[in-house]
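The form predicted alone is given below as one chain in structure tokens.
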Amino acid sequence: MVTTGDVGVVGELHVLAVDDSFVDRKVIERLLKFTSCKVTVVESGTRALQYLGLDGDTSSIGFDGVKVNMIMTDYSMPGMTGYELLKKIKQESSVFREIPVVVMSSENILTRIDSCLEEGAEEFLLKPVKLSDVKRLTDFIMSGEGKKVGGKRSQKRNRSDDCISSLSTTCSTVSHPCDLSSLSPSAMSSKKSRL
């Protein structure tokens, strides 16, 4: 299933969002549309490759029919992980090698973060993705800073950046007033009854 957002104005970013979770796809789609992006959502790495024309099938849409400015993919998906998708995009096609790929995950595993960044990911975001994350990324791409200069990224995040952002994200989620994950079922039902 491929869902494409409305055809946008000139200069609008087109983002391919890849996530196996319907809810996460809708959240990222809404955040991207809120920042005036055209969004195409797919539910797997295989469907993303088909959409990009990298699956080897001549009936796929292919790059000639698609203009994508950024790809955002979940890390943990059945069949093909976001890491495997990242590797295919960065290795198999020089055309897509320049497109920024952002990997998202709800798991804060430093080796996973390092592997994705070393393989060429522009960013590694911890879920839940926030509007400020998406705004920062779209501003970065629109300003042209996401392009490589002389074969190297003009700005490359390092592991300490990820540790700091991961720590702040983790701390903010723990103290978030809407975080109900720590409540017991009985406490949740009493909270619901008061609402």
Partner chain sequence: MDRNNSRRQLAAMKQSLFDQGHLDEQFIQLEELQDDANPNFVEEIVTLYYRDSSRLISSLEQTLHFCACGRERNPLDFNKLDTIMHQFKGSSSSIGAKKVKAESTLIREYCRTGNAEGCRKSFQQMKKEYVALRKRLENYFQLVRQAGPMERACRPK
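Source: prediction; values computed, not measured. Numbering follows the first chain given and starts at 1.
What comes next is about the form predicted together with the partner chain, which does not appear here.
Leu31 is the sole member of Leu31, Val41, Leu137, Leu52 with a non-hydrogen atom within 4.5 Å of the partner chain in the model of the complex. Heavy atoms of every residue among Ser76, Ser106 and Leu131 are located within 4.5 Å of the partner chain in the model of the complex. At the 4.5 Å threshold, heavy atoms of Val27 reach the partner chain in the model of the complex. Counting a residue when any of its non-hydrogen atoms is within 4.5 Å of the partner chain in the model of the complex, there are no hits in 35-56.
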